[in-house]
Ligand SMILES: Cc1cc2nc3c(=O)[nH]c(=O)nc-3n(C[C@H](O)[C@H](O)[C@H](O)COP(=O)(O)OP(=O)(O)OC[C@H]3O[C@@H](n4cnc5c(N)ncnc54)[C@H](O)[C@@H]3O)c2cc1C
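In structure tokens, the next block holds one chain alone, the form predicted on its own.
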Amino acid sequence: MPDRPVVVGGGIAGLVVAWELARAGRRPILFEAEPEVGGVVRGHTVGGLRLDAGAESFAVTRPAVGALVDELGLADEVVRPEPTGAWVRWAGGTAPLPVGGLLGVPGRPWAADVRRVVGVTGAVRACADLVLPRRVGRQGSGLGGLVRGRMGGRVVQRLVEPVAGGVYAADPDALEVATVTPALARPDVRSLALTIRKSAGSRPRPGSAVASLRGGMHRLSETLATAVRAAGGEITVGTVVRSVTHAVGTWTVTTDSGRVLRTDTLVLAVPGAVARDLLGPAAPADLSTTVATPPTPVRLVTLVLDDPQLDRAPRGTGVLVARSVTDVAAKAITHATVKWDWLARAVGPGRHVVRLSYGRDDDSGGRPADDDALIEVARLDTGTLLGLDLDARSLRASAVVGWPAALPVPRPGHQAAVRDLRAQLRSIGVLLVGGPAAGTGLGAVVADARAQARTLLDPAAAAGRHDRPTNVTDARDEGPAGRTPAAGRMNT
């Protein structure tokens, strides 16, 4: 019987599964359609600088990525952002993002930094969370409804919505609480604020409870690929898997180069729609509704600017933008050379790198489709968001990267649906990993991929466990442009 697993997709989830299998002597074969592996955790070159094209950090509040980094020998390369903090912009102004929040939900609703954003009236309403009965706000399973019921509309509109928009490109009402903030979903939670405060301890400035690698997060994917090959795995890039067919317990995999392989274990680390199309008639009926719903397309614009005004870091590490804001199209901006000291040292004084994120679930924002036009919009948005008058001549280099399937939105019922779907797929020798199943966030994707790989290596143990997605989102600390589409932090 064929014994070499085939992994389709060389993003971070596919690489993690391949590495686990290779270390166990299973000699996996991985195919990636793009010229390089990494998915949203890969790099690109802009103005002579090697930068992250997608995810640029990971949350340290979850151990999964840190443990992986350690095992790959990269512990000495971990760097933390400068402690300047992030800002938030709503229709009425711009202010530092309050300290100690969880996906924008404040842990101390009467704190001065919360009152600065939501006003005294909004803060008074938010404090009602401390005394309201537990049942208030829990009529549905959406994050927006929960926070609105317990803390009021201003907290949702000015804090939760911009943070959720930066992380998920989605309306908070569409996000399942149990998936994105599981600590707040427990039925014994008496107060959102008290729960957040208890779990936070002494929390640093927003945007600083993350880490990255010196030189960029893309080094994680590159190191993983090297480790897979060193352990006996095979990685082929620039190759599209055209079809997979199932018969008598065996999958036949055919690539666009004409290569045909047979395996009893097929790992799909691809967007949900791609998995559905590959499996064809073998796909469970509920695959489309569970992981193949249309994700939110995101476009990231990187600008390299020469302007000494930027040296004073006017908005810290960046700004998250509420949906109600009409004078900019971006949903977030990261001031990367303020956030990361290694990058500031690499570019030198007076030169700066900023990255802006475009794309929401309702396609609002009026962003142009043309790259050149979007770059000009991004330059103007940079000046508005950072409170500066930027000369067009300050732009030295730019790049636009599109992620059409980067941000799967974990809607109500997601966890239970994924659990059932995976049970069906496992019965035909298919393992599904990646953001559509695991949820958004590099920590969620890595933890889930490692857990799913263990079900292949120890089927007896897998049969006795509850197949619960490990999609606890990396959203404990909400720095702008820090979220990665589907795999880590892309926006502050």
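So that there is no doubt, residue numbering starts at 1 and follows the sequence shown. Since we're looking at a predicted model, the values are computed, not measured.
Quick note: we don't show the form predicted together with the named molecule, though the next part is all about it.
Heavy atoms within 4.5 Å of the named molecule in the predicted bound form are found in exactly one of 421-429, 435-443, 450-458, 66-74, that being 435-443. Using a 4.5 Å heavy atom cutoff, none of G145, L184 and A416 lies near the named molecule in the predicted bound form.
Using a 4.5 angstroms limit between non-hydrogen atoms, T195 is distant from the named molecule in the predicted bound form. Using a 4.5 Å cutoff between non-hydrogen atoms, A282 does not count as a contact of the named molecule in the predicted bound form.
In the predicted bound form, the named molecule lies within 4.5 Å of some heavy atom of V240.
Shown alone here, L380 lies farther than 4.5 Å from the named molecule in the predicted bound form, counting heavy atoms only.
Shown without its partner, this chain lists A269, L102, V88, M151 as candidates; in the predicted bound form, only A269 has a non-hydrogen atom within 4.5 angstroms of the named molecule. Interface residue among A346, I375, L388, V274, judged by heavy atoms within 4.5 Å of the named molecule in the predicted bound form: V274. In the predicted bound form, the named molecule lies within 4.5 angstroms of at least one heavy atom of each of the following residues of 29-43: F31, E32, A33, E34, G38, G39, V40, V41, in sequence order.
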